[in-house]
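Considered here are two forms of the same protein chain, supplied as structure tokens in two stand-alone entries, structure 1 and structure 2.
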Structure 1
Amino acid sequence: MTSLHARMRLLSRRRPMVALIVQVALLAMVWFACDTVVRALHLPIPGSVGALALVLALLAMRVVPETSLRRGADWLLADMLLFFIPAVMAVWEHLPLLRSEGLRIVVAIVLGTVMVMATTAGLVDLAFRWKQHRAR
């Protein structure tokens, strides 16, 4: 295992592009395996969350060092917007709905988002101040 990771480190240094593709393929394989298992066993969590937990556990147990997945993971996260653009194009199928309810939907989203943001920030700041206060 260790020599495998050493080889991956070497690969990321010499051929960053190849390392990126290999690491993305590895993450995709973990996802696919977990998704298959979750479906077969009818587990209540989605395969992607199970795979996330598995990778996190492998990192925590030091079976897989962060460096062996860094390039692939960073690329997937940085270009995630690309992956959901095709999903957005489904709007085309729902144009009549959006024509009749679009404005109300936007109002609901804007008001809701203000409420979510204010609540979250308020609670976190409250907990943060409470902790600072106690530390003193």
Structure 2
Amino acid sequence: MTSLHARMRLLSRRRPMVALIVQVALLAMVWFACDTVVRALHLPIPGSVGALALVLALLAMRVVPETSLRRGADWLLADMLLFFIPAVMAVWEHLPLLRSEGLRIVVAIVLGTVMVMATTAGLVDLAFRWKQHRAR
């Protein structure tokens, strides 16, 4: 894996756009592989959650250095809003559903968002404390 890390660093320096494409492709391949496994095993979690857990485990065990995925992950996070635009447009096609179940949907979205934000904040806090404890 050190060789992979060295190659990715070299690629990032010499050809940053190619490195970005390779890293995004690697992340997409991990997602696709995990999604295929989850569907084949009929697991009750989405493939994307399995892929996230796998990438997190690989990063935590330092099998994959964070610099090997940083450029691609940064790009995905920066442009993530663009991935939601088709979903917003699809909502307008279901206005009757929104009129009849709109309040329940909004409550579910708000509660889900609060739960995700609280969980993310808790995990970031735990990771930060763990990293500080490890640095001592």
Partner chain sequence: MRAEFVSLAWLVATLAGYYALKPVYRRHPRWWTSPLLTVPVWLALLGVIFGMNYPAYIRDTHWLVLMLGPATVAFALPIWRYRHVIREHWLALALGVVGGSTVAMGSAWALASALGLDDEVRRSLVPRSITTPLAMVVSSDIGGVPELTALFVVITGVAGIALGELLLKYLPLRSALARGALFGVGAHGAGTAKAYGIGAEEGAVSSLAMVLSGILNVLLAPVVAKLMA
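In this text the structure is predicted, and so the values were computed from the model without any measurement. When a residue number appears, read it as a position in the sequence of structure 1, where counting begins at 1. Under this definition, the rigid core comprises the largest set of C-alpha atoms superposing within 1.5 Å between the forms.
In this pair, structure 2 matches the form predicted on its own, whereas the other structure does not.
When the rigid core is held fixed, the Cα atom of Glu66 travels less than 2 angstroms between structures 1 and 2. Core-superposed comparison between structures 1 and 2: CA of Pro16 displaced by less than 2 Å. This chain moves as two rigid pieces, and the smaller piece turns through 45° between structures 1 and 2. With the core fitted, the CA of Leu103 sits 9.6 Å away from its counterpart between structures 1 and 2. For His94, the displacement of the CA atom between structures 1 and 2, after superposition on the rigid core, amounts to 2.3 Å.
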